[in-house]
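First, one chain by itself in C-alpha cells, the form predicted alone.
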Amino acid sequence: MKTFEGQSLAHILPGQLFRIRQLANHPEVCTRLRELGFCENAVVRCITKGYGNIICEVFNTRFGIDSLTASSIGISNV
C-alpha cells in the first residue's frame, strides 16, 4: 500500500473539518472509499479518534476508518 506524504487523515483531531486532497492506496481501496463519499474535494468532519480507528462524517453519514487507511488519505484545511 502507498502512503500519503504530507498531512493525512491519521493526524486530524476530533471536531475538525478538512478537505480530502488525495487518496494514495490500492486502486480497489480508493474505489471503495470514493463510493462511500471519501472522494477528492469532499469536506469531512472527524467525530472521534481512538484505539487505532477514526470515525468521520461525510454527507451526513458516519464511517469508521482504521489508522493505516487514514494515513493514505491526504487532507487540507477547509
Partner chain sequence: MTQTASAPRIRSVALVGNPNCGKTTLFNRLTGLRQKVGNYPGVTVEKKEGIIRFADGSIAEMLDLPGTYSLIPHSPDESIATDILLGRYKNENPDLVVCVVDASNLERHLYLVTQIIDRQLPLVIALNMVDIAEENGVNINKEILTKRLGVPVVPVVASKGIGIDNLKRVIAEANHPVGQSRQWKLPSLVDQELNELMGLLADHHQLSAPIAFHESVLLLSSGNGSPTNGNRYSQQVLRHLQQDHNRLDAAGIDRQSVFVESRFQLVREICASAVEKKESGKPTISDRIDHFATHKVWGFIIFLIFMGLMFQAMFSWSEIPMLAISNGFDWIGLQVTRVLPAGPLQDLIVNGAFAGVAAVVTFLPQILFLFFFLGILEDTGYMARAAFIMDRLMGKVGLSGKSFIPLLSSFACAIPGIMATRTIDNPRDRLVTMLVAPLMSCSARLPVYTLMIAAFIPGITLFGFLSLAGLTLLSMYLLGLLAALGTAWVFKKTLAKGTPSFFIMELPQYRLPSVQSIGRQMFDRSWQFVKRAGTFILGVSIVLWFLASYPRTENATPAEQLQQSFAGQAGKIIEPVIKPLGFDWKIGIGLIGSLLQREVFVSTMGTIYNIQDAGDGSVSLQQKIRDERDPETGKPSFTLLTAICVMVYYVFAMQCFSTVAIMRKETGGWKWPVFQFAYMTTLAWLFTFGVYRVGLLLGGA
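All values reported here derive from a predicted model rather than from experimental measurement. Numbering follows the first chain given and starts at 1.
There is also a form predicted in complex with its partner chain; it is not shown, and the following applies to it.
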| query | finding |
| --- | --- |
| Non-hydrogen atom contact residue 15 with its partner chain in the predicted bound form at 4.5 angstroms | no |
| In the predicted bound form, residue 44 touching its partner chain (heavy atom, 4.5 Å) | no |
| Residue 11: touches its partner chain in the predicted bound form, heavy atom cutoff 4.5 angstroms | no |
